[in-house]
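A single chain, nothing else alongside it, follows as structure tokens in the form predicted on its own.
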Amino acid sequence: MATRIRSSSKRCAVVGGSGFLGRHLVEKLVEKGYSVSVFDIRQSYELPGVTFHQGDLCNKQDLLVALRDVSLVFHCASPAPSSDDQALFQRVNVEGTRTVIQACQEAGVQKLVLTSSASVVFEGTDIKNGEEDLPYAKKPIDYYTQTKIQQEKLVLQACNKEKGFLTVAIRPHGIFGPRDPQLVPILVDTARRGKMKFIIGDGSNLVDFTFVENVVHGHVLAAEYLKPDSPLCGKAYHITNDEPIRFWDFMSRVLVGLGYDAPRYHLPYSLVYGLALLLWLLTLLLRPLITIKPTFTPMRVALAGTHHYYSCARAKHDMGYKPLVSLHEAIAQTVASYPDLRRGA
């Protein structure tokens, strides 16, 4: 199915368009003939058909300049999930999103597509083929999840058909691909430091990893199908590769593809989680005196040792979603895109 957006305007904006997902999305929109306005704190590339606007996400006047004559906005801006800066998460994900909504309404934007996260329903315990009607996490494991929940609520509650402002949230999970600044670089750095020898738990836990091109595809489809009479209005949608894989199999395929050894030795999940929780509490106590960044946080351990994969049935039914790139091909493309991270490079 073609991802053609039927819109009266060929001008849209991508908030956070200099980031990993944002840049891939911008490139796809330009390929489809869109004139794109990018809003971000920095400009990291140049592309014909793209106008860059640098500014503060919490400054409505900065945003209004970027949203002039725009009918469709994609909101992808967020700090890296691995950060532990609570104030930054609150400012960007919550206050920044509130400002984006206000600016969209004032500028006459008709559609807002949010990049949310499947983690908004994750509490560190198994989720198998989870659907969108799962309740939000009552005890979020980290600040990222806590603020993404608030962010998604703000965007979905802002949907107002009478006022002509429609919103939808896309919940990807485990995004990876070329130019990924998080998953693969962090994995390789950990391997280079000799800390990828161990498997947390028995290694049987299934998870979703989603190729960035498929995440972009889901965003474009959401924009296409978001209309006053569609079921997308004010709803959230899981977007994954729809191919759950054992977490440690995925990690091993990436590591081996880049020339590193796959993890071999098993550690009990409860032991590692308990140590991660203790270390996290210690970093909170010592933060006024010293900054510690532990390799394994409670969230990372939970993601590595539990089942967490999600159903795409709603996206398939409501907007014809189907992954464009298989997991096998996605891993191959990703590994090939990182010659500088290969062992010995």
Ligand SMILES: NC(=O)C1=CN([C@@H]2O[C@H](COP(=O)(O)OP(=O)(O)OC[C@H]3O[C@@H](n4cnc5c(N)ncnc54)[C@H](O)[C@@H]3O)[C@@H](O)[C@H]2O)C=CC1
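Note that residue numbering follows the sequence shown and begins at 1. Quantities reported herein were computed from a predicted structural model and do not represent experimental measurements.
Keep in mind the form predicted in complex with this ligand is missing from the figure; the text below concerns it.
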Students should find that, of Asn241, Thr97, Ser78, Thr167, the residue having a non-hydrogen atom no more than 4.5 angstroms from this ligand in the predicted bound form is Ser78
If we test each of Val73, Ile175, Val220, Val254 for a heavy atom within 4.5 Å of this ligand in the predicted bound form, the one that passes is Ile175
### Task
Answer yes if any heavy atom of Asn214 is within 4.5 Å of a heavy atom of this ligand in the predicted bound form; otherwise answer no.
no
Worksheet item: Is there any non-hydrogen atom of Ala262 lying within 4.5 Å of this ligand in the predicted bound form?
Response: no
Look up in the predicted bound form whether Leu277 has a non-hydrogen atom within 4.5 angstroms of this ligand, and give yes or no. no
Quick one: is Tyr144 in contact with this ligand in the predicted bound form, heavy atoms, 4.5 Å cut-off? yes
Testing 29 to 37, 315 to 323, 277 to 285, 50 to 58 against this ligand in the predicted bound form with a 4.5 Å heavy atom criterion leaves exactly one stretch, namely 50 to 58
Near this ligand in the predicted bound form, with a heavy atom at 4.5 Å or closer, the residues from 109 to 136 are Thr115, Ser116, Ser117
